[in-house]
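The chain below stands alone and is given in structure tokens; this is the form predicted on its own.
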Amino acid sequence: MSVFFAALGGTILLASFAIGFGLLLTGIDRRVAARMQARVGPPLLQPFTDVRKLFAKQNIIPANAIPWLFNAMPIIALASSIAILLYLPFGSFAPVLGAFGDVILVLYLLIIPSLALVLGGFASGSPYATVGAQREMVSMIAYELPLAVTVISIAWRLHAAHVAEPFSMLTLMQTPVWDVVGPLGSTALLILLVVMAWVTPGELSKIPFDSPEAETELAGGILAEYSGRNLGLFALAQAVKTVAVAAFGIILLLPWNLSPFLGLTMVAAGIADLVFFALKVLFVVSISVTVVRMMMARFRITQVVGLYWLVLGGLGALAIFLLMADTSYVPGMI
């Protein structure tokens, strides 16, 4: 029973942190984007105000919608986004449910918020949302390939280096894959870092991969018929997923903590590592989301598939070959 209440308390704390931090990241993203365009931009806390207003507005259900499915999908999107966090270590803090899942489970959980969007779009009965849902499904199929290649490559390299439990999220955080590779392996990891940098905006449906929403073409696409509380729940789910996707990439390729370098222990180490982890999340979101969407226009859906399957898929295959050629490297030897 004590384990249950500990997990429940950890879930509530983690969800509260992720929602607040995710909305803050959205505010920073908007502010930085505005500065890059020589604008003042909205207040930093504007996303909090937006969500609060959405929860106060009327929740409208379209006449052609499937009401129970239409209303259930925002809840599922938020719940599944929070569930991802329960299997991720944050800094030196172990995952809340780390003993019950690994990196493969996280890959599956990352799909659920997008599936909730798809089902919600189809359930709305709107032609705009239907087209957006179709595009979201194609995008999911596209970016899952390079994401899976990245994850499996890193776990396989750790296994080849005789690291115990290479698919464990805690292992990935505590044993940086950079420590078990040589020059060829380091080159491969740099390639996978580029791949993950491009997968991140795709996972979050941000420009140039926002074709499922495409306001200028589909009037909001999947979310065209959502309003009030339901739209607010989707906004919270997006905020939480932003933290989850960025944290997942950091655990895979940028897992270092700050406390070992500063000689910190106990509570001080936990706080320092958590703050450092949050700064890394901010850095990843700023580079992979904000800077990219300010530099590029929206891709056509065919371009999205071509980029993920041909370009990034090819880079992932190259990284695999380099890691295979690097298996003879022994840490500590040149």
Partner chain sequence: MKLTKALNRSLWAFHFNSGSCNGCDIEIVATLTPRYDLERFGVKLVGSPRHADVLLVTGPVTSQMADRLRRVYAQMPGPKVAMVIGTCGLSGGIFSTSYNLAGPVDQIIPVDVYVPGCAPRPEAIIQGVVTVIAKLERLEVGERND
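Positions refer to the first chain, counted from 1. Keep in mind that this is a model prediction, so the values were computed, not measured.
What follows is about the form predicted in complex with its partner chain, which we do not show.
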The single option of Ala224, Ile82, Leu233, Ala142 touching its partner chain in the predicted bound form, heavy atom within 4.5 Å: Ala224
Name the single residue among Leu279, Ile287, Val40, Val267 that comes within 4.5 Å of its partner chain in the predicted bound form, judging by heavy atoms. Val40
Would Ile60 sit within 4.5 Å of its partner chain in the predicted bound form, counting heavy atoms only? yes
Does Ala56 reach its partner chain in the predicted bound form, with heavy atoms at most 4.5 Å apart? yes
According to a 4.5 angstroms non-hydrogen atom cut-off, is Gln303 in contact with its partner chain in the predicted bound form? no
Partner absent here, but in the predicted bound form, which of 188 to 196, 224 to 232, 73 to 81, 167 to 175 has residues with a heavy atom within 4.5 Å of its partner chain? 224 to 232
